[in-house]
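Next up is one chain by itself, shown in structure tokens, the form predicted on its own.
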Amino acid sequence: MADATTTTTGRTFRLELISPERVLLDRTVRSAQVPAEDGLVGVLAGHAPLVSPVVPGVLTLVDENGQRHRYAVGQGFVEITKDRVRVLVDSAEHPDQIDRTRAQKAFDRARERLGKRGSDKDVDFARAEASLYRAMARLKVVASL
């Protein structure tokens, strides 16, 4: 486990982005924004300890060189300590892994299903809503390329 350090570019901390399939990211960063249940949680080195649910959305980080990176994440949890942030989610995707056309089709399908709310008893609205949020996150991430 790395400690928070002071570098010529400022204080940094370790960020881990983990899904059931793999560790997508394990690097030193300057800051991160995590999509949490109550809104975006901004994190800098030395942040107060926190555990919070993560919702589908865009995780944004600024690396040691000041470069901004975005990842589409699913639901899960974030654990924040003074020197590390661990994001454990059911899915996580780098922009290079996202097919924009497929994400747009998933978004359109989910919106169509949600438009039938109350009129179609065969539609699982909670699942359609989760699909919509995942598709929105993917589209936001690829739009930033």
Partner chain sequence: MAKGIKELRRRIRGVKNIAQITRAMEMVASTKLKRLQERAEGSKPYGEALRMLVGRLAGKVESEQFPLLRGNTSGAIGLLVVTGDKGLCGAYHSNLFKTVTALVQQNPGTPIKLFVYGGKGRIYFRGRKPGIELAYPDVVEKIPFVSVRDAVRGLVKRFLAGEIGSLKLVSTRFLSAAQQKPEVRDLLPIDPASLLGDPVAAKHFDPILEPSTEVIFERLLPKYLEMQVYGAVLEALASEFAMRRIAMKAATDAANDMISSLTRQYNRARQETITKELLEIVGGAEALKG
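Numbering follows the first chain given and starts at 1. Note that this is a predicted model, so its numbers are computed, not measured.
There is another form of this protein, the form predicted in complex with the partner chain, and it is not shown here; the text below is about that form.
By the 4.5 Å heavy atom rule, the three marked residues Ser19, Val51 and Asp124 all count as contacting the partner chain in the predicted bound form. Contact with the partner chain in the predicted bound form, judged by any heavy atom within 4.5 Å, is made by just one of Arg86, Arg27, Arg70, Arg109: Arg86. Put simply, Asp90 is close to the partner chain in the predicted bound form: some heavy atom of it is within 4.5 Å.
Using a 4.5 angstroms limit between non-hydrogen atoms, Glu79 touches the partner chain in the predicted bound form. Using a 4.5 angstroms limit between non-hydrogen atoms, Glu37 touches the partner chain in the predicted bound form.
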